[in-house]
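Before any questions on how it binds or moves, here is one chain, the form predicted on its own, in structure tokens.
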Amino acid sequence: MGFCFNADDCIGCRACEIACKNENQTPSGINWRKVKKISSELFLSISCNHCENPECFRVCPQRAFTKRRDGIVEIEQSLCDGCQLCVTSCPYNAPQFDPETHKVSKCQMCYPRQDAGLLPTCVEACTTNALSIVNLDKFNNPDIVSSLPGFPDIQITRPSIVFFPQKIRKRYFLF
């Protein structure tokens, strides 16, 4: 399971970011999903990518991270000692440190919603359907790519996300 992001459809409205914040009631300054403007016509909506080889999982001395059978990487906050090794090791800046609680939290792909048969709130809130969930083992589309400009290097962690790149836009002029 993983995210599928269509860069051509994202308009940067931040509905996914706001829906995530509302659903998870994250404190001020803690954003599990972020929309970044990469260029004048390209936005990226990024959260935890629930990587195949998650660095957060590997570096955590408290073993606070676990990975479910469906690929969702979870953090058990009661085990977190706030060392922030996961924060510095994640190339996607997914783990977020809360200076008030001295704990790290991150996107858990709305697994309680998914367990109830619902979509993650970011996917449900996407106004243009640029964000979706796919079964990466079965999803096969010749147009998908594993990375986009502005997305961190995927070599080490192998993130569970695929992309539809931007299409070259035709421009028409009236003379």
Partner chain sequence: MEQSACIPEIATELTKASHQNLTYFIQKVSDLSGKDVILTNNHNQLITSALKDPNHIIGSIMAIQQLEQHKDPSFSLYELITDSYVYRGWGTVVAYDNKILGYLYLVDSEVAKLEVQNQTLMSLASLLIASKLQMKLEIRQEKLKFKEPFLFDLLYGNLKQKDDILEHAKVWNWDFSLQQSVLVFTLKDFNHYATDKKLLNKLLYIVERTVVERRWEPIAMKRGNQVSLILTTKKEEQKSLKDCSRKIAEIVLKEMHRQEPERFFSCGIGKTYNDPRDLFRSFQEAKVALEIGELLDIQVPYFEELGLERILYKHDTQDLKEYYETILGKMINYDSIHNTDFAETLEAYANNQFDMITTAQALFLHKNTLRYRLKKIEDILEYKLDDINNRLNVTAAFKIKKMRKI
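Numbering follows the first chain given and starts at 1. Remember, predicted model here, so these are calculated numbers, not experimental data.
The same protein has a further form, the form predicted together with its partner chain, not shown here; the description that follows concerns it.
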- Message: How about W32 - does it come within 4.5 Å of its partner chain in the predicted complex, if we only consider non-hydrogen atoms?
- Response: no
- Give a yes/no on whether E52 approaches its partner chain to within 4.5 Å in the predicted complex, heavy atoms considered. yes
- Query: Using 4.5 Å between non-hydrogen atoms, is C60 touching its partner chain in the predicted complex?
  - Reply: yes
- Query: With a 4.5 Å heavy atom cut-off, would you call I156 a contact of its partner chain in the predicted complex?
  - Reply: yes
- One stretch from 102-110, 121-129, 134-142, 41-49 that, in the predicted complex, holds residues within 4.5 Å of its partner chain by heavy atom: 134-142
- Query: Looking at its partner chain in the predicted complex, which residues in 58-82 have at least one heavy atom within 4.5 Å of it?
  - Reply: R58, V59, C60, P61, R63, A64, F65, T66, K67, R68, R69, L79
